[in-house]
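Have a look below at one chain only, the form predicted alone, in C-alpha cells format.
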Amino acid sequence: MKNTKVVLQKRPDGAVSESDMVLVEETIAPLEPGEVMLEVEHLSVDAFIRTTFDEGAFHGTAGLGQPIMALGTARVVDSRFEGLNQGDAVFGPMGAQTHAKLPGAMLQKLNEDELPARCYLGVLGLATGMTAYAGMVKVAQVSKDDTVVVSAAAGAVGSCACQVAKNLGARVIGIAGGAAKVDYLLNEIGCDAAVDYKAPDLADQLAEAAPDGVDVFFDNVGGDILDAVLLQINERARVIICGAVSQYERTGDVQGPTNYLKIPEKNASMLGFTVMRFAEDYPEIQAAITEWVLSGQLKLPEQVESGIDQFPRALTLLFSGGHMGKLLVAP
C-alpha cells in the first residue's frame, strides 16, 4: 500500500516553518502478526507537536525523516490483530500520514453510535476536551461562585475549557486575539466577557471584565498574559498551567512569570497538569462530556484542512492564531 507522510527535515530555530517539513511517498510493508493497516481519516493539529521538534522534548523527540507525531482517527483496512476488523474506526498515534501500519495494541476502537469518530480528536479528544475537563473539574475544582479566566480561549482546549466552566456555573472570561475571536467567544462559546490581548489595554480590559478579581485562571499561553492575570487574582485563587503556547517557539530560556509573588501574597496556588495524570478517570470524563455534547451544552467548531499536503501549513496556522475552534487535517 502507498503512503504519503509529512516528515521533519530540519529542526526549527524558533518559529516553525512549512519548509521544516517535507512530503515523502513510500510503500508500506505487509502486515505482521498483531499489526493493523489503517487509512487515516482525521489528524489533530495540536500545540504539543511543536515541542517534539526539539531535543529532549516531554512528549518525545521527532526523528529527522520520520512521520511527524500527530494523534488521529482512522479506518481499519486490514488486520492481523484480534479485536479489530476491517471497517472499524480507531484512535491512536497515527502520525502525519495518509496510511499507517501500527500494532493493534496501540489503538482504541471507537464507538460511533452517538458521536462521529473525529469527536475523539475534539470534544472527546485526549489533548482537547478531556484536557479541558480534567483541568477545570479535577484540578481547579471550579464552582458556581468562581470567576474563571481562560487564555487562548478561542483555540480548541480554550473553547472547551470556557464551556466546561460555564456548565459548572462559573462566570467565564475568555482571552483571545482580535475582534473576530472576541465575537466568537461571546456569541459562539457563550463567555460572559471577552478580552482582546492584541489591544493595547490588556490590564484595563481584565479589570473591567473581572471587577471583583479572578478566582481561577486556566492558562494555555504563559508569558505576558500570565503576568497580567496574576495581578488580578483573588485570595486563594487557583492558577492552572495547562500549556504555554507563547513559549514553544522561543529560542533560549522560557519566560517565567515576573509577578509570581502574587501567589503567596494572595495565599493562592499555581498548579500544572497533564491529562495523563487522570487516566483512571477517562471513562468518567468521556461520559460527562458526551452527555453535555448530546444535550447541546458543549460544542467545538471545527476547521478542517483537506489533504495531507496541508498539514505543514495547518501547523504554522496554529501558532499564528489564524484559526478558531478545533483545527484538523483530513488526509
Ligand SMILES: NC(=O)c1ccc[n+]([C@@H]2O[C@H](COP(=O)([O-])OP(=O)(O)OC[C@H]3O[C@@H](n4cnc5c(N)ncnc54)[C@H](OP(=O)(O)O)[C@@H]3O)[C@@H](O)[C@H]2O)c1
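Quick note: we count residues from 1 along the sequence shown, nothing fancier. Computed from a prediction, not measured in an experiment: that's the story for all the values here.
The same protein also has a form predicted in complex with the ligand, omitted here; what follows describes it.
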Heavy atom contact within 4.5 Å of the ligand in the model of the complex, the stretch among 82 to 90, 95 to 103, 151 to 159, 108 to 116: 151 to 159
Distance check, P257 to the ligand in the model of the complex, heavy atom within 4.5 Å: no
T274: touches the ligand in the model of the complex, heavy atom cutoff 4.5 angstroms: yes
Distance check, Y197 to the ligand in the model of the complex, heavy atom within 4.5 Å: yes
is_contact(P312, the ligand) in the model of the complex, heavy atom dist at most 4.5 Å: no
Three-residue site G177, N220 and G243 fully in contact with the ligand in the model of the complex at 4.5 Å by heavy atom: yes
Contacting member of V77, A127, L202, V139, with respect to the ligand in the model of the complex [4.5 Å, heavy atom]: A127
Members of 299 to 331 lying within 4.5 angstroms of the ligand, judged by heavy atom, in the model of the complex: L318, F319, G321, H323, G325
